[in-house]
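Shown here is one chain on its own, the form predicted alone, set out as structure tokens.
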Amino acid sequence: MKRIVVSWAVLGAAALLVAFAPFNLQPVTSNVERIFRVEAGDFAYSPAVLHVNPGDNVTIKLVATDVVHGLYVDGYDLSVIAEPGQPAVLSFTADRPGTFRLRCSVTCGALHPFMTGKLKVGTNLLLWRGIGLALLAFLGILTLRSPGLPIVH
């Protein structure tokens, strides 16, 4: 019985560490050139989410497919406007980690306020925390089950 309590305590502490510890996972490589072709049309950006690492040089080629559209990057205070048939280019260094909203900066129709996207600068820490918690759960199943009892499906 004491072994089970100690095992639960160790696994619980490890789960709390994986879930809430402030890990700073910075990528080994930086200053990579990331080039994105973003199509703006029908009140949406495609792709709607751009993933980069801190320190990357980001170039966004904005292509308007229907009417004039803009792209404003919150947190960086950068914007660009593209007309149909005339792509526009926005270049900057992603020097601030976090998630930043992309918004259309030109009133393009009734659904204009809903034309948004995201720029994610940094590693996907939520994914790695989820994998760690899943591995801890699997380890808990292996170490805490009684030898004579089958695992219930």
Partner chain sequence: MNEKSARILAAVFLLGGLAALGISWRLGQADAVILHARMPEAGGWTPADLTVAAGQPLRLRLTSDDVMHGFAIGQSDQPAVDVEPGKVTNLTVIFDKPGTYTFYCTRWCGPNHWRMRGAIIVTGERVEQPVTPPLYAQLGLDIDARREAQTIPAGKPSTQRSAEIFAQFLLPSAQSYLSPGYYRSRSPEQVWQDLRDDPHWVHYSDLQLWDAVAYIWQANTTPEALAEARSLYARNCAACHGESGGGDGVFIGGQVQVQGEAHGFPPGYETVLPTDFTDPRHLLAVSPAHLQGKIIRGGMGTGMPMWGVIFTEEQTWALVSYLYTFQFEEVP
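All values reported here derive from a predicted model rather than from experimental measurement. Residue numbers count along the first chain shown, from 1.
Keep in mind the form predicted together with the partner chain is missing from the figure; the text below concerns it.
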Report yes if any heavy atom of residue 107 sits within 4.5 Å of a heavy atom of the partner chain in the predicted complex; otherwise report no.
yes
Is residue 90 close to the partner chain in the predicted complex, meaning a heavy atom pair under 4.5 Å apart or at it?
no
Taking the partner chain as it sits in the predicted complex, is residue 55 near enough to touch it, meaning that at least one heavy atom pair lies within 4.5 angstroms?
no
Spell out, yes or no, whether the shortest heavy atom distance between residue 64 and the partner chain in the predicted complex is within 4.5 Å.
yes
What residues in 70 to 91 sit within 4.5 Å of the partner chain in the predicted complex, counting heavy atoms only?
81, 83, 84, 85, 86, 87
